[in-house]
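Shown below, as structure tokens, is a lone chain in the form predicted on its own; questions about how it binds or moves come after it.
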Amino acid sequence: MRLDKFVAKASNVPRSKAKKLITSGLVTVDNELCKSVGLIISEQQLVSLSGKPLSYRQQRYILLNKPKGYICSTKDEQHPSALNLLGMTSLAKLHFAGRLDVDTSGLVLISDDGQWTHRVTSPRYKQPKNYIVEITTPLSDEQQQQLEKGILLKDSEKVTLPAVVSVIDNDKISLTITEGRYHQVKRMLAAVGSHVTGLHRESIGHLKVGEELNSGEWRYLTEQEIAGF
């Protein structure tokens, strides 16, 4: 990371002020005076401002393939929190961007960047979420058309936004929605007279869980993936 960017973030000042602090001779790197605002520093180096060490932890962006049996909560309740799967010593400020029920598996995003998770989850941005849905009986053409047109769910004032539906086989469909209402997929299927027996989220926006991660495994997002929201 550039020195001016590090100083700005670690001391919570604008980048322009950070540059002035550096060029004014108030910043040292590994106890050596440094006036190069563009110096690239590593996490192992000691940066100090007016003799006081600065520290900055970069924000975390995580993709988890959640198995069934875990809840998207920051603490254990009736079931263990999916955060336990990360194996991290510090879980401070981590939260879920789009939750999954305890009996639903698949892609979950976790971060400590509130603005980023808002862009992922806010209805304003209409991020598509794709699910593989197991159902008890084959979906009729009429039921599929209802889902694709939009449904007025019980206790709701607005119909759901149109879904994208494709039949995989008699007891499995692919369903893509751009909202995140409470138990939405299950309620949508129930509203057309079907019943969900299994639910797996494959993607949110441009991110897919794919085959790279086994159930319970996770990875950090790349800078390009983070910038995609």
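Each residue number is its position in the shown sequence, starting from 1. Note that the structure is a prediction, hence the values are computed from the model and not measured.
The same protein also has a form predicted together with a small molecule, omitted here; what follows describes it.
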Hey, in the model of the complex, is residue 186 touching the small molecule, heavy atoms inside 4.5 Å? yes
Any of the heavy atoms of residue 199 lying within 4.5 Å of the small molecule in the model of the complex? yes
Contact between residue 108 and the small molecule in the model of the complex at 4.5 Å, heavy atoms? no
Applying a 4.5 Å heavy atom distance criterion, does residue 131 contact the small molecule in the model of the complex? yes
Ok, 97, 139, 100, 147: which has a heavy atom sitting within 4.5 Å of the small molecule in the model of the complex? 100
Going by heavy atoms within 4.5 Å, which of 176-184, 43-51, 28-36, 163-171 lines up against the small molecule in the model of the complex? 176-184
